[in-house]
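Let's start with one chain on its own, the form predicted alone, as structure tokens.
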């Protein structure tokens, strides 16, 4: 029996929240936040063989879907160092792959699993989960031609905040909401994500996603096709020409009309996944954006070809 996964929380997750701005009640967003993926991290066999450490045990970790690999690296590194791996360097040198494909550290873990696990397995005619998700850890030969080089926590924070600002700009035509956050609010936002603390994070993030009954100009949406196709990010109006809430089908049809017709005349050829869930395409995209976005405030749609 493999060891039980470590729970995906850092020591900061248990810190006092007495000064934390309370999060609004949203049971759906809370369930999304609590989603996790059991991961088996194994050291690359070639690297292990080169230093005579073939018997190093894998590291099992229950990773929050909404987190990032950069935030787990200290745990991963500690395990292998404790197993007598003499690693010289910093966390930015550590990288991960799944079945030979380097994993983009600036994507949320849940999104990476949906793309490389569920989407890819569907393309091979496989159904069901692939848990624990088997990830290979590398301590050398960083693939700078395929991954952004700097993947330390500070870089992850910078990239995350740039996505938050982009989402704010798409919704409101400016980044004023983000820029108007106090230093303590910005710190609480990042600490909430880093420590997997829902109340800390959403206590601040709801200020960014609440539009005070003003219709958002555009919704932050990204679409991921199979086979490493470029990410699709079109301008997504929240309402149609009749001022009605647009549906996920209308959004997908806007970018992929041949795959997602407005009216199905036969068996659907594709569907879309969010957080490992396949929602009805009749779902309001405003509702989905408010309840099912990742912490970067983007609604990430992973297309599954049937």
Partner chain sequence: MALESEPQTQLVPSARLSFDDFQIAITSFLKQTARRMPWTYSRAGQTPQGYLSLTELKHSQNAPLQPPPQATLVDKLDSVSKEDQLLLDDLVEHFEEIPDNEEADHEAEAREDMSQKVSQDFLSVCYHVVFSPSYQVPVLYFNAYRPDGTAISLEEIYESLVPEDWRSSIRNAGLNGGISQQDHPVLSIPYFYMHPCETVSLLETIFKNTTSTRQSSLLDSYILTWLSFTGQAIGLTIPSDIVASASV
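Numbering follows the first chain given and starts at 1. The model shown is predicted, which means the values in this text are computed figures rather than measured ones.
In what follows, reference is made to the form predicted in complex with its partner chain, a form of this protein that is not presented.
Though the partner is left out of this view, residue 144 does reach within 4.5 Å of its partner chain in the predicted bound form, counting heavy atoms only.
Put simply, residue 130 is far from its partner chain in the predicted bound form: not one heavy atom of it is within 4.5 Å. In the predicted bound form, residue 103 stays away from its partner chain, with no heavy atom inside 4.5 Å. Although the partner is absent here, residue 233 lies within 4.5 Å of its partner chain in the predicted bound form, judged by heavy atoms. Contact check at 4.5 Å (heavy atoms) against its partner chain in the predicted bound form: none of 25, 68 and 194 pass. Stretch 162-170 is the contacting one of 162-170, 71-79, 111-119, 205-213, since its residues have non-hydrogen atoms within 4.5 Å of its partner chain in the predicted bound form. Interface residue among 199, 158, 97, 185, judged by heavy atoms within 4.5 Å of its partner chain in the predicted bound form: 158.
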